[in-house]
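Only one chain comes next, encoded as structure tokens, the form predicted alone.
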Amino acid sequence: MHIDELPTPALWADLDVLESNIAEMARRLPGNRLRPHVKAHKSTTLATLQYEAGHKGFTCATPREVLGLAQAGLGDDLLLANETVDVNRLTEMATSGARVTVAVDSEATITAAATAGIKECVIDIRVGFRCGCEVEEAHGLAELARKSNIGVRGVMGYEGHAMGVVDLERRRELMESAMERLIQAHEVVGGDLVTGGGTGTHAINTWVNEIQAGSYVLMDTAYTEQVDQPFRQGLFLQSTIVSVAEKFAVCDAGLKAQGMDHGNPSWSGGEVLFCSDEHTNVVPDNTLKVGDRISLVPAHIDPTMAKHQSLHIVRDEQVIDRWEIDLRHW
């Protein structure tokens, strides 16, 4: 099937780009230097390709991702890099047969994990604007975890506020100040893991001993503006022109089909004006007619993937496979 035969809106990935990005990251961060973050793609099929490239541990954002990877036989070393106090979900993870480590940053998260039978944790340190405890709290929380029969593997910190900064020097400054806090915490917590980072800092974060990059597989448009990124854009949203006006055209892929938190999608054939629920208005460089197909480039792959049940795999504009996006929801 040609991509223009797909019912739209349809999400598709360029297989050549996907495979090239995975190979390049495996070369840069081989083996356990990378703990791929599956929140970016939410697919056990894609995770299997990362596993086969040598990355045996995974980072997860939700219990569903942990359980799905465990069920797929990819449970060698799973890190839930997120806090939860849901004892039922924690118990499911603890009894999944996988090695499961959870992030904790409070007495409540430690108590919930201990009640559920979770055996290992990392102390999440607030190094930016997300979850985490203060550096001064880290030692006490680590001791509480150990007294609760939870092994402390180390510390985690995510410098998300630096990740998408285009200017390399400014990105480095933000990252360094964040990592100083993480290393301070590690000195009092102990453990083998200093985990954090992402696609935007994978090449410059030498403080952590494993990087939690995920977007590199298909790439966000913000990252492609960073001159130090070797990875290419690989995710596209196929849509159909359904209406044409004098100065613009309308396609059938709106904000319900793509993540909009990073702004509008881009399009190689002209300007994107705005997105509404089911439509995107574009100004084409060349004349379009009703029924023509265009490929939008979503700005943020993580929420875009979560909006679709399946990903069409394309090589030379031919659809050669379809992968379920089977790690969606919570």
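Just so it is clear, the structure is predicted and the values come from calculations on it, not from any experiment. From 1 onward, residues are counted along the sequence shown.
What follows is about the form predicted together with a small molecule, which we do not show.
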- Testing 246 to 254, 104 to 112, 176 to 184, 209 to 217 against the small molecule in the predicted complex with a 4.5 Å heavy atom criterion leaves exactly one stretch, namely 209 to 217
- Query: Which listed residue (G128, G259, G198, G154) meets the criterion of a heavy atom within 4.5 Å of the small molecule in the predicted complex?
  - Reply: G198
- Item | Interface residue in the predicted complex among A222, I150, A98, A81, criterion: non-hydrogen atom within 4.5 angstroms of the small molecule | A81
- Message: in the predicted complex, does H279 come within 4.5 Å of the small molecule, counting heavy atoms only?
- Response: no
- Is H55 close enough to touch the small molecule in the predicted complex, meaning at least one heavy atom pair within 4.5 Å? no
- Check whether H37 has any heavy atom within 4.5 Å of a heavy atom of the small molecule in the predicted complex, and answer yes or no. yes
- Item | Contact test in the predicted complex: M163 vs the small molecule, heavy atoms, 4.5 Å | yes
